[in-house]
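Shown below, as structure tokens, is a lone chain in the form predicted alone; questions about how it binds or moves come after it.
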């Protein structure tokens, strides 16, 4: 029995370390958090319940049978945000670049199925280079299963995608089908294929930022809803935004206690809006005056 416990502890430690200290240090050097650190910021303290911690890929091609890391590049489970249930997955870029394998996809599908069953939102933290090429069509089949869950969950439970790394291919098809997308400036990208392929096919020279950066997707394409300066800001904003959403289509929107009286009079509104329809005014100021305690979470503020 002690040998089994020792083996379990070894695997648990390996799962916690992901791709190893060297790759974790490289992730930190880029100003990015690891998959587990992101969940620690996003979820309430000590609320995370992980599932499938020790799952490993079953690929035997290209020497992959000698490269197995418990968890297989994604951390999945459930937790709470401000006391409300949520299911999460966080891709680990330190493990095979966060690429999606068949078992990786099965872990994501499992938590999405659980979310649908109990009626709770799904938050996906995406930091992936796309399909794991060593697995070929098996990996692509895994993406098909994830896409199917995105479709089934649409309109049933809220789906939020946090793009927190250079994501391409299937790693952005799935987020594009979710309800809201938040990105990180200068470190997250969404594109079907990268600048090098664009140059080869069209002879057009384009940077990663121009092709699929956070500013591009929040100002021009409307693919993403908000862009933040760093991982911490993105995760804390997601916690705030979560409070505005119902857990599922079977429940009403949440109600929060407020000290703002229901019959409050705001006399400044009498003069805030100008008499002339041709004179501009700040709508943000109107919202701040009208809403309870001025609490307002704006979506796509930079869109033009």
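Residue numbers count along the first chain shown, from 1. Keep in mind that what you see is a predicted model, and the values were worked out from it rather than measured.
Although it is not shown, the form predicted in complex with a small molecule is what the next lines describe.
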item: Complete contact of 48, 70 and 87 with the small molecule in the predicted complex (any heavy atom, 4.5 Å); value: no
item: Residue 180, heavy atom within 4.5 angstroms of the small molecule in the predicted complex; value: no
item: Residue 96 within 4.5 Å of the small molecule in the predicted complex, heavy atoms; value: yes
item: Interface membership of residue 140, the small molecule in the predicted complex, 4.5 Å heavy atom rule; value: yes
item: is_contact(residue 114, the small molecule) in the predicted complex, heavy atom dist at most 4.5 Å; value: no
item: Position in contact with the small molecule when the complex is considered in the predicted complex, options 130, 175, 77, 121, heavy atoms within 4.5 Å; value: 130
item: The small molecule: the contacting residue among 134, 154, 82, 219 in the predicted complex [heavy atom, 4.5 Å]; value: 134
item: Options 220-228, 106-114, 155-163, 191-199; stretch whose heavy atom lies within 4.5 Å of the small molecule in the predicted complex; value: 191-199
